[in-house]
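Given next, in structure tokens, is a single chain: the form predicted alone.
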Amino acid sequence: MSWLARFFGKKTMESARHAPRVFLTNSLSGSKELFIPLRPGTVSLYTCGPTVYSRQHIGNLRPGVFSDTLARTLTCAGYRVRRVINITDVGHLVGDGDTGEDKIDTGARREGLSASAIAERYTKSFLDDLAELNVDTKDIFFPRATEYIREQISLARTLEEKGFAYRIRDGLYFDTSRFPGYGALGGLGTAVLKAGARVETNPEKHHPADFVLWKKTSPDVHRLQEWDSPWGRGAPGWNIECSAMARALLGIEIDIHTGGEDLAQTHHNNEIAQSEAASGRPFVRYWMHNAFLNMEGEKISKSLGNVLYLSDIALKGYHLLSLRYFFLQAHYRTPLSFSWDALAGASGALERLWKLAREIARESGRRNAHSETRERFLATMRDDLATPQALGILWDSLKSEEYAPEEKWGLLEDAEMHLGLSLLSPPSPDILTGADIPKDIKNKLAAREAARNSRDFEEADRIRNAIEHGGYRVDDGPDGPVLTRAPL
């Protein structure tokens, strides 16, 4: 089925007139609001995606998990969600402003590849990372900026014709003084907009906050990607691509736009200005932003050199869904600090959750039943994606003796649809047996069993800790101890 058919196909879920109430924090108003879609039953959701000149670090992946959790929650509430995540393969300059080399050119020269080859390599890497984190991409459209050059030129021409843009020697710029209320998103004030405070100072610009719509290639610069335009041969500015692709794929007005909080003040204010100046209509109803992922008190960033990739997590022996669980332990608007100890805690919690899920699957026969705790879980997720509280409800309910196995299985079904943690089909543990177990660990296991049988639980715990310090995890199963390798 084509993506157009998926986007505009018949709605198969319950009518939005009967959809549950969902509340979302709107970055534009700074408050939690009842979500009301533009069109009953359908949600248009645009997420700012990556610039594909290098691998995406784990901080870049938090927005993907956040927008996926949002889409899951809206889908479970009865909406058909039309999703777009853009792929920036031109126009994003080093420094995120209006000067410098295109990041795609930088990556291509670094690896001795063409611009299209470098973009394709890291687009595939990004999509593979999303799949590892259980983001279902089959119903998401991933437009490339280079595929929408005509639409970007058309939008820039409209802005110039309406008097919102002006030409200077290096291209076409948006005139922010012509757009009342510019900078409303993220509380962008006049102090931030003063010369040099946010973008590079260009003496030809009418105002320091003005931004490029089309960058003309300088005679002394060789760009790997450029096109003819009314303003000379060059390439689009970074900001205009999202507005053009959102218009083309989702419409002039869209329901929700998400992204990292670092995009709010500049990139997203620019999107609002150019989109609304061109159409005369509101661009986005609900702006939503996730907070940074930090490491040792600083934002994870390529420029700071403190990056980690999914492959680093895999090399340590952690299941990659441990990172998704780690993200969900904090609210999406809360800054989150990464450490290996914190990831180990998330990994251990997820392993225990999977163990509970296997037990409940056996006890319930995978039959579900309605319960009050399912209603509480759903209400919590629909209250601005309160994932930490939802996980708390899940844990308390699964461990409680108040609920029947069928009620717990029903809760697990709801939790999986919202959280995407493979709760219904947990991965099998890598259980070690026989010759796979080193002799000293076998001896410790035997000593621990002897201590348990003699009810010397203090000694049993001491031996268990010694086993775990040796790189193994021991759990007690119905047929005796179960040994698995622990992450490095």
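Since we're looking at a predicted model, the values are computed, not measured. Quick note: we count residues from 1 along the sequence shown, nothing fancier.
The next section is about a form of this same protein that is not shown, the form predicted together with adenosine monophosphate.
Contact annotation: P37 falls outside 4.5 Å of adenosine monophosphate in the predicted bound form, judged by heavy atom distances. For I300, a non-hydrogen atom is located within 4.5 Å of adenosine monophosphate in the predicted bound form, even though that partner is not displayed. Using a 4.5 angstroms threshold between heavy atoms, C48 counts as touching adenosine monophosphate in the predicted bound form. In the predicted bound form, S44 stays away from adenosine monophosphate, with no heavy atom inside 4.5 Å. Only one segment in the set 212 to 220, 318 to 326, 254 to 262, 271 to 279 has any non-hydrogen atom within 4.5 angstroms of adenosine monophosphate in the predicted bound form, and it is 254 to 262. Among Y166, W340, F292, Y309, the residue placing a heavy atom within 4.5 Å of adenosine monophosphate in the predicted bound form is F292. Contact annotation: of the candidates H92, R247, R72, R82, the single residue with a non-hydrogen atom within 4.5 angstroms of adenosine monophosphate in the predicted bound form is H92.
Contacts between stretch 48 to 84 and adenosine monophosphate, counted in the predicted bound form as any heavy atom lying within 4.5 Å, involve C48, G49, P50, T51, Q56, H57, G59, N60, R62, P63, listed in sequence order.
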